[in-house]
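Here we start with a single chain on its own, the form predicted on its own, put down as structure tokens.
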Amino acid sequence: MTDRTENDGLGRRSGVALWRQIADRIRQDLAIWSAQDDARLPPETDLAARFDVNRHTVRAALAALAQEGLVRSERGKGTFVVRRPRIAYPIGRRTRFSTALEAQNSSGRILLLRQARVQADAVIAGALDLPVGSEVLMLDTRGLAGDTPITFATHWLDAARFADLPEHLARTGSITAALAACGVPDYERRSTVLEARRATAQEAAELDIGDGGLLMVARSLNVDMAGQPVQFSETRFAAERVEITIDPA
């Protein structure tokens, strides 16, 4: 058996389990199979031949995708794509979680999971324009579309300026409303950096996806209308549930 297959480039010595690499390759093809009338994946024997592995390795990959809710298996019939529309989430100058969902006839709310007061490191202090070591609020939140987790986010805010924000957020389920209650009636996005990576065990649990599932991660900074930083965030999106678009407006 060679170090890499000719067709799909599995890294036999990459340190990443073969079943996980195969799950990634299958995930990339789900849209193609979903477009078919029956949305059926090729048989396990065909997938095993494609990736030059045994059927047990293919089954482990399919089991991981089933845990993520992307495929389902029917005894005697095969494995099928679970067809679910993705939520379009625009990121732009005036990004708002609830507004994005309302535009698609879906209700959204933010749940406050945890809060703490911590000292700002160099990255957080630089983003919020505070001295290193300043006390900041750190909030973990979950964003829901209906009852489905869409985001798991960590936010940092100046503790002196936004001491009451956790109370307002818990009450309203909206960061926009919570900021307004703290004297910031409007704000805009100054910057967003996007990357893709695998979920940690905690992130997978918070988003109810398979361990090691794919995330889109946005690190962003919101400022008030005077240009003063108000909120620095790292937001993890469940990749299979969200389609991120860049809104230039």
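Superpose the two forms; the largest set of C-alphas matching within 1.5 Å is the rigid core. So that there is no doubt, residue numbering starts at 1 and follows the sequence shown. Quick caveat: nothing in here was measured; it's all calculated off a predicted structure.
Below, we refer to the form predicted together with the DNA, which is not included among the displayed structures.
All of L18, R40 and V53 within 4.5 Å of the DNA in the predicted bound form, heavy atom check: Spot residues vs the DNA: full contact, yes.
Where, among 40-48, 201-209, 181-189, 214-222, do residues come within 4.5 Å of the DNA in the predicted bound form by heavy atom distance? Answer to the contact question: 40-48.
T176 near the DNA in the predicted bound form, any heavy atom under 4.5 Å? T176: no contact with the DNA in the predicted bound form.
Any non-hydrogen atom of D147 within 4.5 angstroms of the DNA in the predicted bound form: Contact check for D147: no, nothing within 4.5 Å of the DNA in the predicted bound form.
Using a 4.5 Å heavy atom cut-off, state whether R59 contacts the DNA in the predicted bound form. Looking in the predicted bound form, residue contacts with the DNA include R59, since a heavy atom lies within 4.5 Å.
Looking in the predicted bound form, any heavy atom of S73 within 4.5 Å of the DNA? Yes, S73 sits close enough to the DNA in the predicted bound form that at least one of its heavy atoms falls within 4.5 Å.
Heavy atom within 4.5 Å of the DNA in the predicted bound form: which of R117, R83, K77, R114? Checked against the cut-off, the match is K77.
Taking 2 Å as the cut-off, check whether the CA of R197 shifts that much or more between the shown form and the other one after a rigid core fit. No; R197 is a residue whose C-alpha shifts by less than 2 Å between the shown form and the other one when the cores are overlaid.
Once you overlay the rigid core, does the Cα of A23 travel 2 Å or further between the shown form and the other one? Yes; A23 is a residue whose C-alpha shifts (by 2 Å or more) between the shown form and the other one when the cores are overlaid.
Relative to the superposed rigid core, does the CA atom of F51 travel 2 Å or more between the shown form and the other one? Yes, because once the rigid core is superposed, the C-alpha of F51 moves 2 Å or more between the shown form and the other one.
What direction does the Q21-E240 Cα distance move in the predicted bound form compared with the shown chain, closer or farther, given a change of 3 Å or more? Residues converge in the predicted bound form, at least 3 Å closer.
Cα distance between F51 and R241, which in the predicted bound form differs by 3 Å or more from this form, closer or farther: Relative to the shown form, the pair is closer.
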